[in-house]
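The chain that follows stands alone, in the form predicted alone, written as structure tokens.
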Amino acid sequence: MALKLYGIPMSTCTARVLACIYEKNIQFQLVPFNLAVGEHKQPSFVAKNPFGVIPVLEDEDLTLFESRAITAYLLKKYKEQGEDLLRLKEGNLKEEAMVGLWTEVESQQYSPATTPILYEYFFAPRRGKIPDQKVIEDGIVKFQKVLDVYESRLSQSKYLAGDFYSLADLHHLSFTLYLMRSPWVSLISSRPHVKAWWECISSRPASLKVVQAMTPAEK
């Protein structure tokens, strides 16, 4: 029985799981949701995720929500196939620890810094709201400080956890893709090591599938 992933590719969190699935060559079924009409708030979906948000993964009798928990589960279950993004097969505790560290940095520093910027620019107008420029400006100041740390780190290694691609890098894909479609591309491009890192992680075959799925069809 194939895994079922409930979500839509344009969702940053769903895209995070999709990138993991593609890296591991996992067979799955994508079950799309119409967020505009609130399908994710219906009782049948809330029974899967009490918070009423996507994505949700179903693997036979196991139901998981929260994208980072889902990716960790998939990498452990399918550790023998595809990319070893947690460094589990290497048996190198230090490398595994560095993957964990920078995965935490993404969730605690990078994503919280980018979320206000992206929400105000992309999603507030869709909800009939005027973007709050003060929120955007404050977010940019915070994000610049985070990126300065990344620039320093990436001057020492090709990827965040070391000279190997890992889950820590993958988790940045969807949020950064939206950022690169915003007016603030220079936040990335002005930092040479961050720019090189982004170009590298976004050009992987699995990443390109996600990028294509997150690209709106031309009318």
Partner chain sequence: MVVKVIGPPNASSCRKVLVCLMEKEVEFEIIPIDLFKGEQKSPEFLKLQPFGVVPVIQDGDYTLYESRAIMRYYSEKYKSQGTDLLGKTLEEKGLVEQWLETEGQNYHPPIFNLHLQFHHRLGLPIDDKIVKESEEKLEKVLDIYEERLSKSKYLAGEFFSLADLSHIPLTHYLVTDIGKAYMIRNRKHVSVWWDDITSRASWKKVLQL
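Values in this document were obtained by computation on a predicted structure and should not be read as measured data. Residue numbers count along the first chain shown, from 1.
Keep in mind the form predicted together with the partner chain is missing from the figure; the text below concerns it.
65 is the sole member of 65, 184, 159, 45 with a non-hydrogen atom within 4.5 Å of the partner chain in the predicted bound form.
This chain lacks the partner; the member of 131, 116, 100, 82 within 4.5 angstroms of the partner chain in the predicted bound form by a non-hydrogen atom is 100. Relative to the partner chain in the predicted bound form, residues 164, 177 and 212 are all farther than 4.5 Å at every heavy atom. The partner chain in the predicted bound form comes within 4.5 Å of a heavy atom belonging to residue 50. Contact annotation: residue 76 falls within 4.5 Å of the partner chain in the predicted bound form, judged by heavy atom distances.
Residue contact with the partner chain in the predicted bound form: residue 149 places a heavy atom within 4.5 Å of it. Although the partner is absent from this view, residue 141 stays clear of the partner chain in the predicted bound form, with no non-hydrogen atom inside 4.5 angstroms.
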